[in-house]
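Here's a solo chain for you in structure tokens, the form predicted alone.
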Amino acid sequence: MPVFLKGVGITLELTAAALGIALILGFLLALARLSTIRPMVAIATTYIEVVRSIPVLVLLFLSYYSLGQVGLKLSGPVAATVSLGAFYATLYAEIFRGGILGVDRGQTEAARALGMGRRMTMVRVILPQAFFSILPNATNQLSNLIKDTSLVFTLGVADLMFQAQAASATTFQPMDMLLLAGMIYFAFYLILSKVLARWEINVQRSRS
């Protein structure tokens, strides 16, 4: 169990780091796609369409193995964080863009009539309203991100899945060890879903 708990800690660290990258990069990509500058729109659209069409496992191998061939050697944890963050940024970008576009255009027109510029309108009017519409989808992707961290053991990262594999080799009881890992992932998902559901309810109550 201490070994498994060590793996749990690494899994949570990877999730937090990848989520940070995904949220920041995803927001920037969403703004780029909504921009009136065509080159920015083209670059953001191309990135999103290409990266999200590649399986996460392939991205992990590209970051860890292929970049090393061109002189950019990344450690396992760094390659895992970058790959997961880059992939989930494409998903969050579409969530953010959909939320922003979902805000009634009348809100923008009213803000402009009050003398607000484009940036102030986005920060003070559009984003606060978009937040409530993107919340459910954003929290669902966080649950998926936690589950996808189970792939990083292929890079030798000592996460929960890696520890389960190592314990299987030591105890010669792969079913028991993998079932235990599965139960821990399920506990993650259950706790996270309950916490986020409660948070969404509190946010909606504060809004009303």
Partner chain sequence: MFHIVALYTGVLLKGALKDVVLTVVSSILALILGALGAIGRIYGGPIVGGAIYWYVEIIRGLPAILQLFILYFGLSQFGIDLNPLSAAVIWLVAYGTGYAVEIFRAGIVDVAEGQHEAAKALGLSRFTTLRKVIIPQAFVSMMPNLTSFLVLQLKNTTMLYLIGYADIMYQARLGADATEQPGPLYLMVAVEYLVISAAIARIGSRVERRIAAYR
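Remember, predicted model here, so these are calculated numbers, not experimental data. Positions refer to the first chain, counted from 1.
This next part talks about the form predicted in complex with the partner chain, which is not shown.
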property: is_contact(residue 198, the partner chain) in the predicted bound form, heavy atom dist at most 4.5 Å; result: no
property: Contact label in the predicted bound form: residue 178 to the partner chain, heavy atom within 4.5 Å; result: yes
property: Partner proximity in the predicted bound form: residue 161 to the partner chain, non-hydrogen atom cutoff 4.5 Å; result: yes
property: Heavy atom of residue 36 within 4.5 Å of the partner chain in the predicted bound form; result: no
property: The partner chain in the predicted bound form reached by all of 54, 66 and 185, non-hydrogen atom within 4.5 Å; result: yes
property: Proximity to the partner chain in the predicted bound form, single hit among 32, 151, 166, 142 (heavy atom within 4.5 Å); result: 151
property: Heavy atom within 4.5 Å of the partner chain in the predicted bound form - qualifying residues of 70-99; result: 87
